[in-house]
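There is one chain below, alone, in C-alpha cells, taken in the form predicted alone.
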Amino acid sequence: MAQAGISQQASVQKDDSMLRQKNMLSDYYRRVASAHEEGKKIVYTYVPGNLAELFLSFDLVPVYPEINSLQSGMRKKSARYIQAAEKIGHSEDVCSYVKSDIGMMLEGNIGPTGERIPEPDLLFLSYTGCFTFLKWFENLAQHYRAQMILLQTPYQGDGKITENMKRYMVRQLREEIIPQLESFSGKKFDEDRLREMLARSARAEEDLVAVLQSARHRPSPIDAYFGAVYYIAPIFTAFRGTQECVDYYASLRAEVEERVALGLGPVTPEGPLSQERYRLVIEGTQCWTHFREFWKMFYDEGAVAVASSYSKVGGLYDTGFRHDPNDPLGTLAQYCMGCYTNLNLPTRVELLEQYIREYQADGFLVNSIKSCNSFSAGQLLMLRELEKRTGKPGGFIESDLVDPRYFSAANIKTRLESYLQMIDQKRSGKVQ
C-alpha cells in the first residue's frame, strides 16, 4: 500500500492526477512537520485497516511508518537506514520496511520534504494480520516511550466475516478504543462528524472502483500495479474522509474516462504507452528502490497490469465494500477485517481468478518479496492453482520492498522476458 514517491527525476512524465497526488503528499508532510507546533497530536498507524476517519474526527494527525519507508526507498536512502538498523541488532531476515523506518528514526526522522517527522504521541495498531507490525510497534513504543493502543482484528480464517467477529470489533471500538481516544485527544467523540467523513469516503471509493475497473477496456487506460500506486495513495492513508479526497477521485475518474473515450493506454514515466501487447494480473507488493527501472521492464514490452492485489492492500472496494455512514462503528470493523492480506489463501486465489477472467488477462505474475511474509507466504501454491483453474501461464520474479541488495535487474528482466515469450507461445498454440 502505498504512496508514490515525492522525489522523482524531472524527466518523468505524469498525468494530471499523478501531479495532483504529488502535491497533496507534499502538503501532507509539511502539515505533519508542523503538527506539534500547532498543538496537534500525532498518531502513528499502518495502511492496512487504518481508521483514518476516526482519527480525523478527533483532529489527530495520522503518520504511516511503512509509507515513510517506501518514500526512503524511492529516494535511495533505505539502504543506509537498513544498515543502521542491522548495526544495532536487527536481523537480515526482518522486514525491510521495519529496518528502514528504524534506521530513519536513528538518523533524525527526516521525511520526504526534508523536514523532520515529529515523534508519535500515540501508536495505534488496528491490523493484526501481520505479526511483524505488532513487533514493529513494540520497538517504536520502547524507543519513543509512547502510548500504544491495539485494536484486535480477527483473521478471516474461514474466508468470511461473521456477525460475531463484527460484534467483537464494534464492542472494542465502543468500549475501549473510543474512550481511550477521547482521553488522549481531550475531545468528545462526535459520531455525526464521523458519519459525514464516512459518507465522503464512500463517494471517493465509488470513483476509485470506477478507475480500477476501467482496466476492463482494451487498451487499459491505467496500469493497475505501477500506475495504481499514485491512484490509491490518498484513499489508503491520511486523506480518506476529507473533501480533498472526494475531489481528487472525482477528477481522477474524469481523467481516466476521457482516456477510455479516446482509446488511450496508460501514462508511463516515458509517456503514453503506444501499444498494449500483454495484459497481466500481478500479485505482490512493489519494489520501491527501483520503481522506475522495474516499471520500464514492463512498458518496454507493452505489458500492462490490468489488476493487482497490491492495489487492494488498503481496501477491497471492488468487491462491494463501501464505508457506511449509517453504521459507523460496524463499517470501520468490516473495513479492518477486509484487507487483502487478512484473507485466507483460498479466498485470495478466488479473487485473483476472478481478476484474470474479468479483465481478460493473458497471464498471472508473482513478484515475491523476500522480507514480506504477509504477502509472499503461499504464493507459489497460489500460482500453480491459478494456472490449473484458468489455463493461463504463471510467472515468478523476486525482489524486495526497500532493500536494494535483493533487486537483480538482469535476473528480473530475463525472467520477465522468458515469461512473456511463454505467453506468446501459449497464444500460438505451441504450449498446451
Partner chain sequence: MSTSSNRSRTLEEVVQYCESLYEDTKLQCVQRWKAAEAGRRAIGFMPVYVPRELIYAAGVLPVGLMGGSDRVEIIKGDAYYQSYICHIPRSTIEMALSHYLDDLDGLLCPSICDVIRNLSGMWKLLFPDRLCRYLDFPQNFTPEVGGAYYRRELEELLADLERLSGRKVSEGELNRCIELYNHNRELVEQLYDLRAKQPWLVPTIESYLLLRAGNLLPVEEHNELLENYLREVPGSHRRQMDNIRVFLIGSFCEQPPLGLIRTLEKAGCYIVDDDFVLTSRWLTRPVEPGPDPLGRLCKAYLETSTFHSSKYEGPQPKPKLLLEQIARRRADGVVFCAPSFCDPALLDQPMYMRALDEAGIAHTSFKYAENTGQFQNIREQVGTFSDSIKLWGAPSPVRT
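Note that the structure is predicted; figures quoted are calculated from it, not measured. Numbering follows the first chain given and starts at 1.
Absent from the display: the form predicted together with its partner chain. The rest refers to it.
query: Contact between N373 and its partner chain in the model of the complex at 4.5 Å, heavy atoms?
result: Within the cut-off, so yes.
- prompt: So in the model of the complex, does G89 come within 4.5 Å of its partner chain, heavy atom to heavy atom?
  reply: Residue-level check for G89: yes, a contact with its partner chain.
task: Although its partner chain is absent from this view, report whether V94 comes within 4.5 Å of it in the model of the complex, heavy atoms only.
output: The answer is yes: V94 has a heavy atom within 4.5 Å of its partner chain.
task: Give a yes or no for V98: in the model of the complex, does one of its heavy atoms lie within 4.5 Å of a heavy atom belonging to its partner chain?
output: Yes, V98 lies within 4.5 Å of its partner chain in the model of the complex.
message: If the cut-off is 4.5 angstroms on heavy atoms, which of these, Q360, Q213, N344, N109, is the one near its partner chain in the model of the complex?
response: When its partner chain is considered in the model of the complex, the option within 4.5 Å is N344.
message: Which residue, Q243, Q83, Q354, T132, is the contact with its partner chain in the model of the complex, using a 4.5 Å heavy atom cutoff?
response: Partner contact (heavy atom, 4.5 Å) among the options: T132.
field: Every residue of V267, A409 and S418 near its partner chain in the model of the complex, heavy atom within 4.5 Å
entry: No residue of the spot touches its partner chain in the model of the complex.
Which of 384-392, 51-59, 64-72, 37-45 sits within 4.5 Å of its partner chain in the model of the complex, heavy atom basis: Correct option: 384-392.
- prompt: Which residues, if any, of 377-416 lie within 4.5 Å of its partner chain in the model of the complex when only heavy atoms count?
  reply: If the 4.5 Å heavy-atom criterion is applied to its partner chain in the model of the complex, 377-416 yields A377, G378, Q379, L380, L381, R384, E385, R389, F396, E398.
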